[in-house]
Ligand code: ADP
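First, one chain by itself in structure tokens, the form predicted on its own.
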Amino acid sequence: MESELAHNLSTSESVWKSIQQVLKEYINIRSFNTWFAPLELVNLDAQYLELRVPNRFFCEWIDNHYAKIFNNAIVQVLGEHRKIKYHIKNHNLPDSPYMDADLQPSSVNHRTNFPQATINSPFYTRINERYTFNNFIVGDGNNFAYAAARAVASSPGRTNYNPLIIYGGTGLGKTHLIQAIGNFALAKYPLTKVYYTSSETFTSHFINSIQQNRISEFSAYYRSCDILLLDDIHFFSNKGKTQEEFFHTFNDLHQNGKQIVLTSDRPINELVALEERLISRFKWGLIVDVQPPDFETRLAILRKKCDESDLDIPGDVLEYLAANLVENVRELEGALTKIMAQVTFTAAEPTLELARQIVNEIARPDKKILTIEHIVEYTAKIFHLSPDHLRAKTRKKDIVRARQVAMYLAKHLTNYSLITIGLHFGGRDHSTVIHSINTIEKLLKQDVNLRHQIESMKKHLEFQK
């Protein structure tokens, strides 16, 4: 009996691993590692695939974003459908600090629902109402941070994510996310006190309070909030007195079940000029990162901005911006704003040439960006074809081989997804891209001349970066 159970478990584990392998073909590795790698198999029978998940937000996110892909992977491996049942690891969350009265609609404007003395205080800061979850574009580089922010905003102070710390480079949406938390919480809990400020402003207020002998008022103000949103925590580096004050503020808020959300431009372990006691407390909660957006996300950001401005910018212009401004959303939006200004104020046409000029003004001159289009053009030249041949529907052997090589190079030399690569080759689907890559990988083991040719092409293209 025991050996039969062991056999069944072993078989189920093998099936689950096969399902995971199929999922890797449909979604990029970062999304897989974020949402599917943490899942643990509980049981597999004739009706259900049962999985253990870290928390309920994994269930919601997978159902909302990957349900069809997940079901297709199950059918592909098992040959038939299974219902998915989730087991959540930890249901023992503390009770909400908000009473029923807090959830009722309020006739008071929630953005000024503070004591009059607070409004007149020099410490008062305002959240930007434009920063909401609805206008935040979610992609593979920020989806985990977005999910965590939504979880905190929905149940501030009663999740395990306290503090929530979001880190990443400049212009990737950290400030947008934490202010979206504030706006969402204020809409859901109108009587909640939400304070947003930067660490630089916090430090300035603290220094002013010392000069004006108002330290007790300063401390009381920040410790009276329900949700503290503090931007750029790295600014506290080498500011010993400010760190000490924030240490006590943090302790007071955390002890009383208040939500703390922080941002940083680097991982917490790299904040070497912060006191160890602060670092250790930051690790009590959840630390998530935001990465530069992928091509699809960058394009979605541009299209949404065009919709908001009611301007029609050609698709090739938007795609050019998305392909060449890859690291910073602010640069990306800034480039589009410049094009919009040219169109609005000078009646200029939003052409590809105008986009090139603006990108050259914004992008660093010492950095060239390798795009799929560069690879298409170079591969076509090597194989004595035109780029349009590689995008065409033809099945001629020499064109198919050149197309497969170009897809292989695009996969290994860029960070674009399989779907994006396929779009650049006449709108082919991701399964065609996978087949092309696998074909070239097999040929490389057999064909020495092809191997030397592709290595030479790789070196040339990498040099162009």
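Counting begins at 1, following the sequence as shown. For clarity, every value in this text was computed on a predicted model and none was experimentally measured.
Not on display, but discussed next: the form predicted together with this ligand.
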Residue among 82, 150, 305, 254 with a heavy atom within 4.5 Å of this ligand in the predicted complex: 305
270, 217, 296, 333 - the one with a heavy atom within 4.5 Å of this ligand in the predicted complex: 333
Which of 73-81, 378-386, 220-228, 172-180 lines the interface with this ligand in the predicted complex (heavy atom within 4.5 Å): 172-180
This ligand contact at residue 142 in the predicted complex, heavy atom, 4.5 Å: yes
Heavy atom of residue 127 within 4.5 Å of this ligand in the predicted complex: no
Touches this ligand in the predicted complex: residue 235 (any heavy atom, 4.5 Å): no
Exercise: residue 135 in contact with this ligand in the predicted complex, heavy atom 4.5 Å: yes
Contacts with this ligand in the predicted complex, stretch 249-267 (heavy atom within 4.5 Å): none
Cα-Cα trend for residue 24 and residue 287, given that in the predicted complex the distance shifts by 3 Å or more: farther
